[in-house]
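To begin, one chain is listed below as structure tokens, in the form predicted on its own.
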């Protein structure tokens, strides 16, 4: 029997549409004479929910009935979409409830319990999938993968149950077991059993690894990894739409790209297919017709070249300094034994005569509270240690890097003004890695990618860009127009062209109105305060006041701008590191004040006497589209950390102030609706210390999709999540502070083309304004859609970098953009500039930034 193994991840099994694709793929493989073995993950988000349930048990706060009821509702909802009986999940639901109740009763949340609980996600999803495929007439029986995959013995209970490994030698018994008269088999990823029959997990990336184990054991023709992106790319395509599809890779290259930070494949899945000489294919469930990436077990050689840029963030750098290490026998052994004793796996290493510097990757290390302090103390007898957090690695991956170092010289000049903590050239000659400050990574990667890949011709390795894959085909004009019909600026094209006699930001009034109406339809939220810093245009402020929104201000200037535009008193004042005089003026004016630090209330208590305050807390972990907008965690300057709350209570009591509201904001550009429910839960728990709290202010950060293929924030899911919070803590009102979400889509920047330039394979299109008007691409590496408004309906015929007139290399508004045949005088439109466009502009180079006007 000729097998093929197909793995489908969480997003690929969470909707009826994706299951229909799975059914089509199974039928196609069977029609080609292959017997498909389908390996499925849990529904998207379920594993996190189950893990949180075990954490709650460990904290003595478990509610097994609520957890199981939530999971049961979600799987029943999908069952109805699939047209199958939800009762197919009953046995697994009942088993999960028994395990959770028992664990809660015994306060038992160890690795063995965690493994059994988390296995439920895969067992439930595959029960639904098997019933669906059967209803489609496919004979694809449900298979418990624990019958096939048996874990090897591991040292330590946690590793044994939570990060198990299995053998992957060819298994004649398994081949015989699955060689039946069927259309395929449906089974689980992520789980296996030990020799005693207990359930174990295969750790992070376990579903990919499960598929690779099964492919090797069955001697499969191929191992197919179906995911939410159409292959591996030269960079993260959700950050860089100009990223190129990698059509073919050697196993070692794919492993380096995955290990260096790419999330498409887990590195552990490649060893089994390499050993069995099985090709691995990366395909996209949402777009099954796209070619994807083929990872070949045959080392084909080929010319030396960089094939990808991979990034890992959140790394920890540990520097070991001592004059005594030079030519000292055993220094590294002594130092590294300390890391081993503290259960740290070292990642990158760089050495000199007096220093060894290493990195720790949090994805491979559990870096709990106090763990780094304990490591530093243990290292002191051996050396002088220094620990730096908030760094990131940028890896240039490809075969034969040493042979092309001279070609990389122009590329490496980008790091001239960066603090480079470590440089590592891999011993296998497959990557060159630099460790830098994390806040610089997004911008550097955008510029690196432009230098390395922009303008390169397609070949057997480099395929189309992400933008090309998802752009309307030139030969399908109706489809292209349909895409533009959803954008307000397409309907207002003539009016916009008339306004383009000079660089202009244009705001669209009806789009602002629709956004305000949409956010106020959230039944779970009592009040919405617009974050004025996103855009303080007077007409916009007046419009939002008329729509019933309040205003969140961070400076006296913003307060003045709001009061000049509208007489509203619905103001929140949330300054950060403000001077005493500013705090005194705000409190004296009776503004609703948010305290962001202990210093003011401890050092200036007389200002706060008898005041009702909101307090901004730091949940400890930030989120968002760039390091500069993640506003929580130790490296963020915002908020009061939870361990400071006793001191806060004491200081407030001393001056007779009351806390009536708690506030947290974790970052910007967030598209996961559960984020604000998590923030609300954090604040509700903290509110137990402040009995007079009435309001939980969840901040803003609602994400706006800007790149091709990005899904918008699901407001209904956000409302449902916050409604659950209201039910759990009905005494608190919930507030939101959106900024960018309300105004981004409503704004565009218009600029005329001034010149075109060709340099080698690169084409540059210059426009009359740049980073002086829109600094977000240079500052954050932010993506903004760019279209030629003059030639909106013409075919896309060129790829170009769109640049401005500012005397800075970073003055690039967009890399590798597909445009029609563009000419001098054409008007380019840069979308999603309603937020942080004009409000962040400058007069750099003494060039006037674009003015801003309201249309409609």
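Just so it is clear, the structure is predicted and the values come from calculations on it, not from any experiment. Positions refer to the first chain, counted from 1.
The protein also exists as the form predicted together with a small molecule; that form is not presented, and the subsequent description refers to it.
Problem set entry | 42, 47 and 206 all contacting the small molecule in the predicted complex, non-hydrogen atom within 4.5 Å | Every residue of the candidate spot has a heavy atom within 4.5 Å of the small molecule in the predicted complex.
For this session: Using a 4.5 Å heavy atom cut-off, state whether residue 489 contacts the small molecule in the predicted complex.
Result: So residue 489 does not count as contacting the small molecule.
Problem set entry | Contact label in the predicted complex: residue 190 to the small molecule, heavy atom within 4.5 Å | Residue-level check for residue 190: yes, a contact with the small molecule.
For this session: Using the partner position in the predicted complex, report whether residue 552 sits within 4.5 Å of the small molecule, counting heavy atoms only.
Result: Residue 552: no contact with the small molecule in the predicted complex.
Exercise. Looking at 694 to 702, 587 to 595, 676 to 684, 198 to 206, which lies within 4.5 angstroms of the small molecule in the predicted complex, counting heavy atoms?
Worked result: Of the stretches listed, the one contacting the partner is 198 to 206.
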